[in-house]
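For reference, the chain that follows is the form predicted on its own, supplied as structure tokens.
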């Protein structure tokens, strides 16, 4: 099971949209996907399912006290399995402050899950709090959505500082899946310039696929579906299908490379 944290320090960049619609597009490719909602706003949970009243408290308790995440998994109409949350997940942040090694607890809980899924996707909160750190510690890859506005570029430094710190100290196998340009308005010079800057700064780490701004993508949550199901022939569906394909190609290239590194030079891997 490949574990991916979808994260960015800035809100409103298309993080939850990316997590949900990528998951749905992977389901369309006949992959099994578990989405774990770590954002106490619960947007992904509200999008995909009817939230249990105490979903956030149940998730916090399972992580902090060794409960079973498998017992919290619920099926959704679009085929994505979900561990939901809500505002009660705030209790995790409060209790984790006094828990030694709290950033390791989510990884331990994930390791106890049965091997039922090809992918596990974390929808992280729009902040660099203990939930985001925990997701990076538990993940194999980080995927960073970026809204194509100049004001979205500067906050990128903080998520990559955290990425480097976690990779160095807590999870040396963490890798960057890619930087994703989202909410791209076709034909606008501003968006094109932001995408160019992203490619200049991050090179091949930026996905070739961009997610174009689409009214249908914005409507999809109201119907409980990823955009590939809600508007199968639209721009958003086309973009997320392309993203799913490129995403899987990247991981297929990276996994053998990681295996070779471990075999040939374990010290290099151990030190990131």
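None of these values were measured; they are calculated from a predicted model. Residue numbers count along the first chain shown, from 1.
If you look for the form predicted together with a small molecule, you will not find it shown, but the lines that follow are about it.
By the criterion of a heavy atom within 4.5 Å, residue 217 is counted among the residues contacting the small molecule in the predicted bound form.
In the predicted bound form, no heavy atom of residue 172 sits within 4.5 Å of the small molecule. Taking the partner from elsewhere, residue 212 is found to have a heavy atom lying within 4.5 Å of the small molecule in the predicted bound form. Contact annotation for residue 41: at least one heavy atom lies within 4.5 Å of the small molecule in the predicted bound form.
Here the chain stands alone, but in the predicted bound form its contact with the small molecule, taken as any heavy atom within 4.5 Å, falls in 217-225 among 66-74, 51-59, 22-30, 217-225.
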